[in-house]
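Shown below, as structure tokens, is a lone chain in the form predicted on its own; questions about how it binds or moves come after it.
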Amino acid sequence: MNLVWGFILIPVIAICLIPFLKMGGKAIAVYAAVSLIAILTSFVAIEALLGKTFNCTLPGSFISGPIRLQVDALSAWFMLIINFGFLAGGFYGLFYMSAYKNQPKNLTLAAILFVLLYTALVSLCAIQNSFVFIVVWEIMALSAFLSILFEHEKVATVKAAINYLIQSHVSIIFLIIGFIWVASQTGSYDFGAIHAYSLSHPGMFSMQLYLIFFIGFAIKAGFVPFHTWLPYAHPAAPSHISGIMSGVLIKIGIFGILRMLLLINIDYTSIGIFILIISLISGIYGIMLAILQHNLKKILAYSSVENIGIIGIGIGLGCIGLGTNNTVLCSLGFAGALLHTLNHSLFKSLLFFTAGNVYQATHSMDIEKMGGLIKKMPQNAFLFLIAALAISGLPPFNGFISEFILYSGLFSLLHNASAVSLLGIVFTITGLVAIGGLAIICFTKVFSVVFLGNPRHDFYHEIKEVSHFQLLPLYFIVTFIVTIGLFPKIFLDLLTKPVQLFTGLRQLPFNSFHGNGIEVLSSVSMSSLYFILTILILLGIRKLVLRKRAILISSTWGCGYTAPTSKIQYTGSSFSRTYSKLFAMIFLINKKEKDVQGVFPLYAHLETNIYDKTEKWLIDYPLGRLKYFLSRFLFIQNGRLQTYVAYGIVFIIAILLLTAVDTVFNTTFMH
């Protein structure tokens, strides 16, 4: 109980102090509060991962009833991810936000919102009362909304924030429907009532209940077609918030989906197939759109949709394993999903933080204006490259490990599979392969266009590396990315308790995985390590041998061009031109070009913009029809004073008539 009161008091004290502190004091108060909460919750979470579940009940009120708190292994895994994400993001944000020190009011609000957002996310992992859960979920949504609005003077930022707020409340509506459904039938807001209700109402009722919750949480997670807020909110928010939103915030949707799987008794095979199909679509569609974007943060936002799809594939496989009593598939599916949740949190936050460094150096997110930044920002380029390799699923980095586990689960299904099942397995494997291949194309394009080649635009300010302190948390993230890639068994062992919640087995069937897969993982990781060490040794020998030689710098061969210019190098659009032509029918590509005059024009301009067809069909078209319908009633608000006076007279007459009718009714029938 003391831990709970400590958890409540720390953010309250910090929020009360922040407005009265100077800039340096605000930063210290925020990070101190986050660090203390992280220490408290990590202590409880580590114990839960070791098998000791934390339980506590607060008195609550006559509305909510007793408020039960529980930190089991699943809560613990997500708590630790949230803690690490906010500690790294908060430290990075201390230096990133120093560029806005001339906006003290904005920084004060941003500091308070950061503490609120973190406290709400951690709380959601432990709350077992649906009424309180919705209240805290609303606090989380509003905190994120106001955090996105930091640069509120920009019209695009305001639109992105409102878009996020509306879609977040659509998510909340679905969650409220699910919770009220259960509470109306059981009279309790406790999560245990959800489980009891599903046991007493198996079949369609439980399936419908789960689907309602799935939609609510899927909007927050960013599954297709519920993803349309991500490409706007992530680019609009400050980079440390973008990293936290992609690395941590959307994971609370994954947590909700997994939590409801533990609470609701459903046909796991059917729901597994449903989640698998949605996830494959999300993974492929997300990375296909990411390849064609020009805004660096928008590329990263769409790749978040892709990685949510990969996590969903693991959840789908785990559910199918539960439904078919295939304990190996169940274990590998949920283990892969949970590990990729951590992995994505690491490399995606690193990508957003490095993108933030690029933004601060260039004041632009348009990759077509960049180029050659590796010469100005070598450390940032190196960190971005590590994250790009990891998100592409290449060894010896963490993305390879979780995707390998998912492949192992899929290949374990091949034994004794029917013809129909075999077709589904092949389709899923092909989809996962396509996601990985497209991710390599995407991040090869991004890294080469942004960091390699020559500058494509003349910036009127000096481009330089950010401070070492701002890079420090990024190197810390890289350490975890490499550690998971080289020593996967440590983290797979930590997943034992969370996966056991789904399998219900004391001893997980990881033996078959350890026998056929973990050795392969270890050998690939160690071979990659030896390869990297060999390269480093050779580079060291080269530097030692050439240390006394003079270094000459000259231009490389220009392939016959006597007047080389940056305009002849690949742009992002030209890099992906063949790909965009191949899948032109899937995309909505708008072209803006000016007429070219003469054979040798002095000026030519061609610009392409990619628009999400899902957004056009599911949001723009319905909103357009709604606006058209409402426009039919514009005559009511016509701006004429006489009309408004008439409205008032009609209203008064209506009130008098209703009063008279009520009086006559009471006189006639009551007496």
Partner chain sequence: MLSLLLIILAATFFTGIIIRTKSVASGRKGPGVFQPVKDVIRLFKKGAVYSETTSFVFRLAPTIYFASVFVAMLVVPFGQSKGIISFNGDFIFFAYILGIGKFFSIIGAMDTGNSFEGMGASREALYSMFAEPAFFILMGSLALLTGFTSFQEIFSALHLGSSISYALAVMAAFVFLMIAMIENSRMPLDDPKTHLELTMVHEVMILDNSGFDLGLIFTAGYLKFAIYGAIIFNLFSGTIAYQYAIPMFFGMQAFLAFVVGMIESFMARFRMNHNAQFIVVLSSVSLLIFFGALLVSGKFI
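Numbering follows the first chain given and starts at 1. Quick caveat, the model's predicted, so the values are computed rather than measured. Each form is matched to the other, and the largest set of C-alpha atoms that superpose within 1.5 Å is called the rigid core.
Although not depicted, the form predicted together with the partner chain is the subject of the following passage.
Enquirer: Taking 4.5 angstroms as the cut-off for heavy atoms, does residue 584 touch the partner chain in the predicted complex?
Expert: The answer is no: residue 584 has no heavy atom within 4.5 Å of the partner chain.
Enquirer: Consider residue 200 of the chain shown here, and say whether it contacts the partner chain in the predicted complex, taking contact as heavy atoms within 4.5 Å.
Expert: Heavy-atom contact with the partner chain at 4.5 Å: absent for residue 200.
Enquirer: Hey, in the predicted complex, is residue 403 touching the partner chain, heavy atoms inside 4.5 Å?
Expert: Within the cut-off, so yes.
Enquirer: Just checking whether residue 528 would be counted as a contact of the partner chain in the predicted complex - the rule being heavy atoms within 4.5 angstroms.
Expert: Contact check for residue 528: yes, within 4.5 Å of the partner chain in the predicted complex.
Enquirer: Exactly one stretch in 531-539, 117-125, 99-107, 293-301 has heavy atoms within 4.5 Å of the partner chain in the predicted complex; which is it?
Expert: It is 531-539 that comes within 4.5 Å of the partner.
Enquirer: Would you mind picking the one in 575, 150, 359, 285 that has a heavy atom within 4.5 Å of the partner chain in the predicted complex?
Expert: Here the answer is residue option 575.
Enquirer: Which residue, 429, 158, 135, 262, has a heavy atom that falls within 4.5 Å of the partner chain in the predicted complex?
Expert: Exactly one listed residue reaches within 4.5 Å, namely 429.
Enquirer: After the core is overlaid between this form and the one not shown, has the C-alpha of residue 325 moved by 2 angstroms or more?
Expert: No: residue 325 shifts by under 2 Å between this form and the one not shown.
Enquirer: After superposing the rigid core, is the C-alpha displacement of residue 529 2 Å or more between this form and the one not shown?
Expert: Comparing the forms between this form and the one not shown, which are aligned on their rigid core, residue 529 does shift its C-alpha by 2 Å or more.
Enquirer: Where do residue 547 and residue 468 end up in the predicted complex, Cα atoms closer or farther than shown, with a change of 3 Å or more?
Expert: Note: Cα gap between residue 547 and residue 468 widens in the predicted complex.
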